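Same chain, two forms, each on its own as C-alpha cells: structure 1, then structure 2.
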Structure 1
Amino acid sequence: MIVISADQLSKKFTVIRREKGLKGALSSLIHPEKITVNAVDNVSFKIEKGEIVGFIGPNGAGKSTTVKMMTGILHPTSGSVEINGLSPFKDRKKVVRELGVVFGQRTQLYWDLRLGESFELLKRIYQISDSMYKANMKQMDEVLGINEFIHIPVRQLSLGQRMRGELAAAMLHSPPVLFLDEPTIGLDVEGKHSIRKFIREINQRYGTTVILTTHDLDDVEQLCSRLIVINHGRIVEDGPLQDIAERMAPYRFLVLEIASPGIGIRHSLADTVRQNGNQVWLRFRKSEISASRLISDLCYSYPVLDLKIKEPDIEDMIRELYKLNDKTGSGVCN
C-alpha cells in the first residue's frame, strides 16, 4: 500500500540579494535583485507502508524542504504530494492527525512547561483516550526512559533528553507515518542508540512508516531499508543501500598475508592492486567470483598465512556521490 507519493515536486524560493554597505542596502531597497533558489527540483517517489526511508544529501541539498512539503507546512511551487491519498494542504487537519513529526533543530515541546505537561496537552489536542494514553506513556518509558526527566521543564533538558521527549511527543497519538528531520543530530553514542532502537521498534511493532533525514551514515546502515540520495534538489540515487553500494562501488578487496615477500600473486578474476612486503591487495567483483571461491583458489596455489575481506567504504561512496553531482548543474539560477 502506498502511503506517500510525491509527483514532480518542486520548490523555488525567491530571495532578495543584499549588497554590502549602505549604498548596497539603498540600491536593494529601490530595485531589489531577486534570486531564485531551486531548493527542490522535480522530485518524484513513492513510499510504501512500513518502509524506513532515509534521505541523505549534503547541506542545502533540499532534504528539509522536501520533508516540509510532505508534511504540508510548505507549499510546493509545482507538483503534488499525497499522504494516504489526501493532499496535506487541502485536508490539513485530517492529514496531520495521521502524522508524527520531529525537526531535530527545532522543538515542538512547550519550552516553559514541564515535559509531562506537554504530553498532557498533546493528549487533549489529539483526543487520546485515557487507557491508550497510559499504555503509550508506559511504552515510551520502556523504550526511551522518559519518566526519568518527565518533571523537568523542557528548557532545562539536555539535548539527548529533549530529543527523546520530542520522539515520544510525536508518537503519542500513534500516527501511522513518522517524519524525522535529523533526529540524531548532536547526540552521543548512547543517545543515538536509544533513538535508533525506538525507531526500529515502532516500525516492527506497529508497521509505522518512517521517513528520516540524516548526516549520520550509521543511521542509514542500521535503520533504512531504502535510501534516497538528494543533491542540488534532485534525486540522484533511490534504492536499498546494498543496491546503491553494488552499483557505485562494486568492488571488494581481499587482503592476504603471505609467507614470503617475493611471491607474485595472480588470479584470472581478480586484480592484484598492491603488494608491499608480505601484504597483497586483490580487487574483485562480487558478480564475477565469490569470496570463498577466490580464497580457496589462492590458498591452494600460494602459502597464505592470514587474510581479511574489506567491504567498500560507504562513506567514501557517498562522498563520491555528492561530488559526482557537483559537476552537473548548480541549484542557483537567475
Structure 2
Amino acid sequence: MIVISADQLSKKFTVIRREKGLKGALSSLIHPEKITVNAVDNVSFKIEKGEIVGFIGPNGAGKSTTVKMMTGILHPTSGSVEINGLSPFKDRKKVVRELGVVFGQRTQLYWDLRLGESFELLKRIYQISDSMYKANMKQMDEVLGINEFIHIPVRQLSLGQRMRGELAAAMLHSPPVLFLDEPTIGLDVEGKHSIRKFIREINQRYGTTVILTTHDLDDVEQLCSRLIVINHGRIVEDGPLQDIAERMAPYRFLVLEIASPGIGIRHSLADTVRQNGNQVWLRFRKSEISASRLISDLCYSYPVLDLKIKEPDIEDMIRELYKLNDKTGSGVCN
C-alpha cells in the first residue's frame, strides 16, 4: 500500500543576489538582481505503509523543502505529492489528521504549561475521544515513560524529556505517518536510545510509516531499511540501505591481533591500511575474497592471536555518495 507518493515534485525560489561591500549593497537596493534557485528539482518517489525511510542529504540539499511540501507547509512550484491519496496543500485539514510531525529544533508544546496540559490542549485540537486519549497516553507512557515528568512545566524539562514529550504529542491522534526532523539532535546517549526505541516500537506495534530526516548516521544505521539521498535538489540514491552500502562500500576490514608487533602482514587480495603495535587493519573487497578464506590464509601464515570483521562506516559511504554527485551535480538548493 502506497502511503506517500511524490511525482516530479519541484520548488523554486526567487532570491536577490547581493554584491559585497557598501557599493554592492546600494546597487542591490536600487537595481536588485533576481535569480531563481531550484531548491527541489523534479523529485519522484513512493513510500509504502510501515517503511522507516531515512531521508538524508548535506545542508542545502533540498530535504527540508521536500519535507515541508509533503506536510503541506509549502506549495510546490510544479509536480504533486499525496499522503494516503490526499494533497497536503489542497486537503490540508484532512491531511493533518494523517500526520505526526516532530522538528528537533521547534516545539509543538506550550512552554508555560505543564506537559500534561499541552497534551490536553492537543486532545481538543485533534478532537480525540476520551477512550482513545486514555489508551494512547497509556501506550506512550509504556514506551517513553512520560508519567515521570507529565506534571512539570515544559520550560523546566530537560532536552531529553522534552523530545519524549514531543514524540508523545505527535502520536496522540494515532497518525499513520510520522515525520521526524533531527529527533535526536543534542541528546546524550541515553536520550538517543530512548528515541530510537520509541520509533522502532511504534513502527512494529502500529505499522506507522516513518520518514526520518537526520544528520546522525547512527539513527539511519539503527532504524532505516531504506535510504533516500538528496543532493542539489535531486534524488541521487533511493533503495535498501544494505544494497547502497554494498555498492558504495564494496570492502570490509579484518582487524588482527598478532603475537609480535614487528611482523609485516601481506596478502595478495588485501591491503594493510593501518598497523599499531600488535594490531593490524586489512581492507579487502568482498567480491574478490571471502572473509573466511582470508582468515584461513592469514592464520596459516602468521601468528594470529585474535581477530574481528568490521564493516565500513556508513558515514564514509554517505560521504562517497556526496562526492560522486558533486562531480556531476550543479545548482544551489535550500
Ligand SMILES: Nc1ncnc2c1ncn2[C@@H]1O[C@H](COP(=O)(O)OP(=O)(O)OP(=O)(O)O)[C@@H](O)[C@H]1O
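Each form is matched to the other, and the largest set of C-alpha atoms that superpose within 1.5 Å is called the rigid core. Quick caveat: nothing in here was measured; it's all calculated off a predicted structure. Numbering runs along the sequence of structure 1, starting at 1.
*Asks:* Specify the structure that is the form predicted alone; exactly one of the two qualifies.
*Replies:* Comparing the pair, one sees that structure 2 is the form predicted alone and the remaining one is not.
*Asks:* After superposition on the rigid core, does the Cα atom of Val53 shift by at least 2 Å between structure 1 and structure 2?
*Replies:* It does not, since the Val53 C-alpha is displaced less than 2 Å between structure 1 and structure 2 after the core fit.
*Asks:* Tell me whether Val280 is among the residues that move between structure 1 and structure 2 (Cα shift of 2 angstroms or more, core superposed).
*Replies:* It does shift by 2 Å or more.
*Asks:* My question is whether Ser44 is one of the residues whose C-alpha shifts by 2 Å or more between structure 1 and structure 2, given a fit on the rigid core.
*Replies:* The answer is no, as the C-alpha of Ser44 shifts between structure 1 and structure 2 by less than 2 Å after core alignment.
*Asks:* Cα of Ile265: shift between structure 1 and structure 2 in Å, core-fitted?
*Replies:* Core-aligned C-alpha shift comes out at 8.2 Å.
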